[in-house]
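Below you will find one chain, with nothing else, as structure tokens; this is the form predicted alone, and questions on how it binds or moves follow later.
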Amino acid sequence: MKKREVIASVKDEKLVKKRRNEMIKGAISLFKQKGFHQTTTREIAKASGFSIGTLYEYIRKKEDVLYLVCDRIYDEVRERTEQDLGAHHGTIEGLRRAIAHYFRVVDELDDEVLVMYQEVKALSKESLPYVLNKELDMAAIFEHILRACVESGALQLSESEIRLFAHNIVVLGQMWAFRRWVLRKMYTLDEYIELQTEFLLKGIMEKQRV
């Protein structure tokens, strides 16, 4: 899916990326405390260390912050999985590595993931489909990896099973953020990745032996 363009009046792309990351950090903290509707753009500017005028050089409205968060999560997952797939394309090892990359992104951006799903209801009817479709794009990353495993003979899955498996991966990654208050007391991130990956693969591998 094509990115929704968030217009900036500043032309320096590196500076835009840097300032928007600072903006996201300040906004996420406020959204967690006060919620999307109760947070003002002036408060976001202050939390980011900008004047309100500077803020509007990088975004046009408050909803733009949620678009940027959504894109950042998706882009991180896509970039990391694509970087690592070359030598492991169509293999179980490649699938394992992709799952691990995704779970680690969720861990690093856990506040962003949490706020994204808490505040998605705050988006307008016109804006909501963009975020929901990005969720489908995330699942599509894993659908592509799973299909490659099927084509290579590493897995035997129907198209329906591929789609469901991909969504299971996405949800289990999100669970690390949503239930972090308890899961992090029980498991390290590495343990969580290992256990969930084994659970995911166990059923499929047993099915293939039948």
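So that there is no doubt, residue numbering starts at 1 and follows the sequence shown. Rigid core: the largest C-alpha set superposing within 1.5 Å between the two forms. Remember, it's a predicted structure, so these values are computed and weren't measured experimentally.
This protein has a second form, the form predicted in complex with the DNA, left out of what is shown; the following refers to that one.
Chemist: Could you tell me if all three of R42, T54 and R60 have a heavy atom no more than 4.5 Å from the DNA in the predicted complex?
Modeler: All of them do, each having a heavy atom within 4.5 Å of the partner.
Chemist: Can any non-hydrogen atom of K202 be found within 4.5 angstroms of the DNA in the predicted complex?
Modeler: No - in the predicted complex, heavy atoms of K202 and the DNA never come within 4.5 Å of each other.
Chemist: Is T188 close to the DNA in the predicted complex, meaning a heavy atom pair under 4.5 Å apart or at it?
Modeler: Taking the distances in the predicted complex, the answer for T188 is no, it never comes within 4.5 Å of the DNA.
Chemist: Taking heavy atoms and a 4.5 Å cut-off, does Y67 contact the DNA in the predicted complex?
Modeler: Outside the cut-off, so no.
Chemist: Just to confirm, W176 within 4.5 Å of the DNA in the predicted complex by heavy atoms?
Modeler: Residue-level check for W176: no, no contact with the DNA.
Chemist: Looking at heavy atoms inside 4.5 Å, which stretch does the DNA contact in the predicted complex, given the options 46-54, 161-169, 177-185, 140-148?
Modeler: Heavy-atom contact with the partner occurs in 46-54.
Chemist: Along 6-37, which positions have a non-hydrogen atom within 4.5 Å of the DNA in the predicted complex?
Modeler: Sequence-ordered list: S9, V10, K11, D12, L15, R19.
Chemist: Does I52 count as moved between the shown form and the other one, where moved means a C-alpha shift of 2 angstroms or more after fitting the rigid core?
Modeler: I52 C-alpha, core-superposed: shift of 2 Å or more.
Chemist: After superposing the rigid core, is the C-alpha displacement of D12 2 Å or more between the shown form and the other one?
Modeler: Yes, the C-alpha position differs by at least 2 Å between the shown form and the other one.
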